[in-house]
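Single chain ahead, written as C-alpha cells, the form predicted on its own.
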C-alpha cells in the first residue's frame, strides 16, 4: 500500500517541518534526516496506545499512584504533555525524566497546537512559556550536560540535554540503589534503529533494565527481531502486542525478568 501524501508545512525553525498525521494530530519532521517524531498514522493515538496505556502509566495515574517515567527521545514533548495531563486530572504526583539532544523552540511547539488534545490546555501554555525562557536548548560535547526542570501542579519534568549513550555508560556504573529512585515505566522513543543504531543496543537496554522497578515496563513502537534480541540479552521478557487502530500492526512491551545476565550488571 503506498504511503499517503500527508500535509507538511514549514515551522518557524528551519530544522523542523510540521506534518499532519492521520488522526488529525501533528508531528515534527527533522529536515536534516527526514525522520518524523511519530507515526504518520496518528501521533496522538500512537502516543496514548504505545506509551501511556502499554506501559501501565495511564492505569497507575487513574488509581492515583505516584508514578515515575523515563523517556528516551523527548521529541516534541507530546508523550510528556499527555502523561502530565493525566496526572493533573487525577491529582497524582508524576516525576518525568527525559533524555534528549535538542529541544524545539517554543514557537515550533506552539504551532503544533497540542493544547486541543489536553484536558488542561494551561499545561501547554506554561510549558511553552518555560521553553521560551530556557537556554541552552541543545546538548554539546564541549560543555557539561544540562539539566532543566519544569513543574505544573502535580507533574514535574526533568530534561537532561545529554547524549544518551554517554549517559547510559555513566549510569551503568552507578545504577539506582533505592527503589524510590527507579522508574515505573520507560518510554523508549528515539529515532529508528536505522537512524540511531547506537541507542538500540543490549548495552543501552541493560541500563534501562537497571533503571526500572521490578514490576515496571519498557515500551516502544519498534518490534524488529534485532531489537527484541537485544532486549532479551539485557534481561527483559519481551512480548509483541497489537498496535493502535489504523497504525502499526504490533508494538512492544518489555518487562524485567527475574535477573539480568551477570555480564550486563
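Values in this document were obtained by computation on a predicted structure and should not be read as measured data. Positions refer to the first chain, counted from 1.
Omitted here: the form predicted together with a small molecule. The next part is about that form.
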Q.
Check for me whether the small molecule, as it appears in the predicted complex, comes within 4.5 angstroms of all of 77, 164 and 199 - heavy atoms only.
A. yes
Q) Taking heavy atoms only, is residue 121 within 4.5 angstroms of the small molecule in the predicted complex? A) no
Q. Taking the shortest heavy atom distance, is residue 53 within 4.5 Å of the small molecule in the predicted complex?
A. no
Q.
I'd like to know whether residue 99 contacts the small molecule in the predicted complex, with contact meaning heavy atoms within 4.5 angstroms.
A. yes
(Q) I'd like to know if residue 206 sits close to the small molecule in the predicted complex, meaning any non-hydrogen atom pair within 4.5 angstroms. (A) no
(Q) Please identify the residue among 227, 219, 212, 37 with any heavy atom within 4.5 Å of the small molecule in the predicted complex. (A) 37
Q) Exactly one stretch in 77 to 85, 149 to 157, 129 to 137, 178 to 186 has heavy atoms within 4.5 Å of the small molecule in the predicted complex; which is it? A) 77 to 85
